[in-house]
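Only one chain is shown below, in structure tokens, and it's the form predicted alone.
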Amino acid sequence: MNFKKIYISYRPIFLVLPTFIFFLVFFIIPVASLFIIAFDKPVTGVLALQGEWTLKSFLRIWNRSLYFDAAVMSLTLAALVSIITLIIGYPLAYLIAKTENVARNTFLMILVLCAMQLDMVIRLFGLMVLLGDNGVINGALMYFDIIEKPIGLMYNKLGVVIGLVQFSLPFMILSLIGIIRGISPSVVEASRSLGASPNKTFWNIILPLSMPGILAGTLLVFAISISSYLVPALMGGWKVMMMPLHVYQQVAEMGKWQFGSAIAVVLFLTSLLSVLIYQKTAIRIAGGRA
């Protein structure tokens, strides 16, 4: 048997096989297990399958407004963070993409990537030092008599949004850089030569051609934000209840694996449905460019 010929004939399969195995073992199987456990009979402290299939866990979620409010909160904050990161990240991504000086471009990229080199917990504790009641911002405002008492920058929705934006902003910028860099300068020059102002060129040419990057960036940020546990736990102080916090409470604190799995399934399906709706809408608005 000629293994070399077999390898050449099935090279694409051999190249994809390691990634497929990793994806199967560490994503598909855990998610499938989660779905199965969610439909199992709820028994506190028991993870093993009981084999008694029921919708009791999902009915409990449906009948209690607490979890509906958490789902709405998760969707709202994730959408808000996606918009904010796009507004903040697009100008910097455009500057990096259009900067031809190698040293300057490298410096800007280091600014974007340096935050990703630190562990998330360290970054959030740094934000807590900055935003706390006795933190740098409140201390400076009270020192200059701008405020009389500390303003709430943490343990509320504002703190969660700031934490999520700080965490996900590099992902938005990196998603946009390649797309903006791929826009041909000749298209922009043709627009300007036909009498379009810089503003019209941006809104009518550059921004529409950036839609693939905008779609990829916003979807990535949305997925990161809606599934984040650490940010609402630390920056929200467990006062801003998002779906991942409920999953943690039910599984880690109360040992209700079936109910926690049901909440995780609802979160997964909600996120997936939101992404599909957004993708269809964005493609229609962009005229198929996204």
Partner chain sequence: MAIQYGHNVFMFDLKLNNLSKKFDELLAVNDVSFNINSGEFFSVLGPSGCGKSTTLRMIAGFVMPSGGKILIGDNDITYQAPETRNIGFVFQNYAIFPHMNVFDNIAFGLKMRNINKNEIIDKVKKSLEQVNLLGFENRYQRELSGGEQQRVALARVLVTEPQILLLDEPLSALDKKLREEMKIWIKELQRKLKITTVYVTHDQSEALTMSDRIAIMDKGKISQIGTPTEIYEKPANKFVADFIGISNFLPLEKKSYSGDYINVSFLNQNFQLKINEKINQEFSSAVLRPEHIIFNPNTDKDICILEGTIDIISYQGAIIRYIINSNEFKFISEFSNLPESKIFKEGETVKFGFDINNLVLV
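Residue numbers count along the first chain shown, from 1. From a predicted model like this one, the values you see are computed outputs, not experimental measurements.
One more form of this protein should be noted, the form predicted in complex with the partner chain, which is absent from this view; the next part is about it.
Look at 72-80, 182-190, 135-143, 88-96: in the predicted bound form, residues with non-hydrogen atoms within 4.5 angstroms of the partner chain sit in 182-190. The partner is absent here; in the predicted bound form, the one residue of L194, V121, A103, C114 having a heavy atom within 4.5 Å of the partner chain is L194.
Exactly one listed residue, out of L127, M154, L169, L209, brings a non-hydrogen atom to within 4.5 Å of the partner chain in the predicted bound form: L209.
Using a 4.5 angstroms threshold between heavy atoms, L219 stays clear of the partner chain in the predicted bound form.
Using a 4.5 angstroms limit between non-hydrogen atoms, I205 touches the partner chain in the predicted bound form.
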